[in-house]
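Alright, here's a single protein chain in two forms, structure 1 and structure 2, each given by itself as structure tokens.
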Structure 1
Amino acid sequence: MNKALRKPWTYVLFLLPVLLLYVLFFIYPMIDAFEKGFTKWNGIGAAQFNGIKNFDRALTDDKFWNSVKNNGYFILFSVFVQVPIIIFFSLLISNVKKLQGLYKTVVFIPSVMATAVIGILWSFIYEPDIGLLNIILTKLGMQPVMWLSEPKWAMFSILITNAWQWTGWYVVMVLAAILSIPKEIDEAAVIDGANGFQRATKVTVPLIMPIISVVIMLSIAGAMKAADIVIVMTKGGPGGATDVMATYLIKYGITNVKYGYGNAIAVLIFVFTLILTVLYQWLIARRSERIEYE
């Protein structure tokens, strides 16, 4: 066995099935989508080359840029609202001495539930007449809010729902990083007279920056491909106010049987996501890739 592992071809044989699957299900579809993005195609007949018309149509469509803006809202909410909440709950649970496993399970449950279930559950919470939120507002003497029917509230409502679903997933990741920090470091901070807040902000958070960086990058990537929660809750309405790029693709590409245009939108989503993740990795993430305990 050891002699076999010393031969380069052994590693090639192990890697070949994975590489084949990667090419088959990622590289080839990506190249095919890029190629079809320059065509007029209904998905059945022969594709007709039409140059950059699909891309020009998308980049000059106000509805497309509105969907890009909504993806931006997802990113901003994830990075500046959801991530701080994730860090806060992770620090809170890490300091719990009893029933820590129970708390981890409770916050993780929404992440394993189907998006359709999450969307329907929160649609009932946002329901104008019998929804929990409006019942509370009415009890407080305030007017009910049309959470999913008014453009100024619909996107915010979806962002809250999406954050509620995925916060627990990232909490478990960050919590694992916190619990892996040697106890001696925290004990040394206590001896030096640091209180709980100082230990959290000056010791724990800096040491878990690599995993926080990963969480932010995953949040950005997830925000760029958000679609299912929007489809379940609003279908992009009211009046396209909650459309994101993926729902725009479905609405104006797949549903209208304009697969050439749909592929062009898919390519744009890929390019935008690639640019954002590369910029984040280059400007921010690489500065916190490695932390050494001393």
Structure 2
Amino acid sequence: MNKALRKPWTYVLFLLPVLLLYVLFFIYPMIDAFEKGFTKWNGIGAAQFNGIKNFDRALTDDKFWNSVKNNGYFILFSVFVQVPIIIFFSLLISNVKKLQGLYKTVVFIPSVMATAVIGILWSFIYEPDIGLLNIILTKLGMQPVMWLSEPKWAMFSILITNAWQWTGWYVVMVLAAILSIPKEIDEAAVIDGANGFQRATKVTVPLIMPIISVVIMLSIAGAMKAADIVIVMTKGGPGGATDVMATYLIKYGITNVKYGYGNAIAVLIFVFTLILTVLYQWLIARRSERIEYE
């Protein structure tokens, strides 16, 4: 019908800049990491192929496994502590009519803030002498806690800050799903004599399982991504107690200029994320997708 919309070079022209940037900053670095992960390279001269040595080194290094474990804490904390809290608050907000907009607006605020700034803000709150938390503890007659410098508390403190930052974001997502459920379903449950708790657990939660599944998946992805909060609050310390895979990568790959080893860690991050995604799809997503609205 028209020539203007058929010319192939027009498409190329419109797509070229994006494709170029995308390949250069997404596809190429990914391939490059896979290639360089099998080399010994300090950035000067040519990279020397050294087989699976880097991977062998990482997988037998306790410090690496410690960082994997800390990513695991992020995942466990988000899935088993944060997600129930998110569901609870979403249900609560969906049930109030007054001030619903205010709650929704305020809980989302930390999600638009820079993680670095939130890390600084919370380091201040955790500060041993003049930080808000220890002042409260002392006023209650309790012992002050070295939140960020004691190994047994440092990871927990970071997890709390991370939860403080992201809970509201997920609440807003889940809330949107709850509010889109047809009113008649809930009304029918009321007529059947269901109380608030029964309606929440038997009607609303089953209906929002797909979005809960998305929230869990995003929490896992977020837990794998966490790095800036750690660098800002503890730099991985004390003594590596809060290192995650990404900060371990930065320590070796960028700070100590071990490019080959660093890229091997990058590959391991890819692989671990992929395994989690596949496992998750296989174990949970497949099941929850079956629940339909109508």
Partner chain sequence: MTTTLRAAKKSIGHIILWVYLIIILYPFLFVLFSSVKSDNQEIASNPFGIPSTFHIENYYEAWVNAKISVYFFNSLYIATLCSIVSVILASMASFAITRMRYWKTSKGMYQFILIGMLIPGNALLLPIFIMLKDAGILGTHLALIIPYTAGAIPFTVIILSAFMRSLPGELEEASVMDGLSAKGIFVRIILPITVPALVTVFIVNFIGNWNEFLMANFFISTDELRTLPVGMVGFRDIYNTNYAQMSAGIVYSVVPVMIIYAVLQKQIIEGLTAGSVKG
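All residue numbers here follow the sequence of structure 1, with the first residue given the number 1. In this text, the rigid core denotes the largest set of C-alpha atoms whose superposition between the two forms falls within 1.5 Å. None of these values were measured; they are calculated from a predicted model.
Here the chain taken from the form predicted alone appears as structure 1, while structure 2 comes from elsewhere. Once the rigid core is overlaid between structures 1 and 2, V278 does not reach a Cα shift of 2 Å, moving by less than that.
After superposition on the rigid core, displacement of the C-alpha of G237 between structures 1 and 2 stays below 2 Å. Core fit done between structures 1 and 2; CA of G43 shifted by 3.0 Å. Here V18 exhibits a Cα shift of 6.4 Å between structures 1 and 2, evaluated on the superposed rigid core.
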